[in-house]
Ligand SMILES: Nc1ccn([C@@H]2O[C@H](COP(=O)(O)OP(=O)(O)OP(=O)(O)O)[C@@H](O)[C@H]2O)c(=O)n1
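The data below hold one chain only, encoded as structure tokens and taken in the form predicted alone.
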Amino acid sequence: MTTLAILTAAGSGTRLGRDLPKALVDLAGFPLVLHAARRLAASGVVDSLVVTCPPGLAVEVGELVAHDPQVGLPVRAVEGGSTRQASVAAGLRLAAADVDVVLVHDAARPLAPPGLVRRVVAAVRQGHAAVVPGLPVVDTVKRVVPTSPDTVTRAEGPLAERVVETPDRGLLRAVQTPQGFDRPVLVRAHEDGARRADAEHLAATDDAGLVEALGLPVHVVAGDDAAMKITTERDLLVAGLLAEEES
């Protein structure tokens, strides 16, 4: 049996201030998607790769990844959907018959190290059907009451939201990718949540959320600071420093 990694690379680079897809933004001389693919391959526990791409770029991105000598895995590319959930579902449909473990990883986390990938896959193969890496939350977190638009319109001065709870941060984890799944569980989760896939406000922000919606357990393994998500220009600068430290 084999492990497939679905690498989601269909997002835009709007918040990075770029006019090209985020996955193709340069980091230390190479696009984000290539950094992510190389580290998945370097783990030694990934057998094949499916990359989800922006419309019209499946051939370009697929060839970029497939022809890189540091990847060296069978690579297929497919156009993603209107949401991350829809994109993962498109990639999942390309899974070969012998795939029993599926990783879902974001190209926006290009420096997730090979050791993290191995840790997630090992936990799935030890019998945990859904595994996510996570880091302890170091900031104090407050839950607030949602503020209605009418209240905001009438308010004078800065918006002040009412705190209703301070969760115990010792029980909180900031979740990362790659997330790992027993294939039948992930397929079932996507089938059950398919009605949510095409609406951004309804779609799951991660695949573990779809598994949770089935009432099935999700387990957390130790994450890694290097698996940071690139969303803003500042994130890209920090990732550039981390990439320099690796070289």
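Note that the structure is a prediction, hence the values are computed from the model and not measured. Residue numbers run from 1 along the displayed sequence.
One more form of this protein exists, namely the form predicted together with the ligand; it is left out here, but the text below deals with it.
inquiry  = Quick check for you: of 135 to 143, 120 to 128, 162 to 170, 105 to 113, which stretch puts a non-hydrogen atom within 4.5 Å of the ligand in the model of the complex?
reply    = It is 105 to 113 that comes within 4.5 Å of the partner.
message = My question is simply whether residue 147 lines the interface with the ligand in the model of the complex - judged by any non-hydrogen atom within 4.5 Å.
response = Flag for residue 147 set to no.
query = Is there any non-hydrogen atom of residue 18 lying within 4.5 Å of the ligand in the model of the complex?
reply = Result no; residue 18 lies far from the ligand in the model of the complex.
task = Look up in the model of the complex whether residue 223 has a non-hydrogen atom within 4.5 angstroms of the ligand, and give yes or no.
result = Output for residue 223 is no: heavy atoms all beyond 4.5 Å of the ligand.
Full three-residue contact with the ligand in the model of the complex, heavy atom 4.5 Å, for 8, 12 and 82 = Judged in the model of the complex, 8, 12 and 82 all sit within 4.5 Å of the ligand.
task = Taking only heavy atoms into account, state which residues of 18 to 54 are within 4.5 Å of the ligand in the model of the complex, ordered by sequence.
result = Those in contact are 22, 52.
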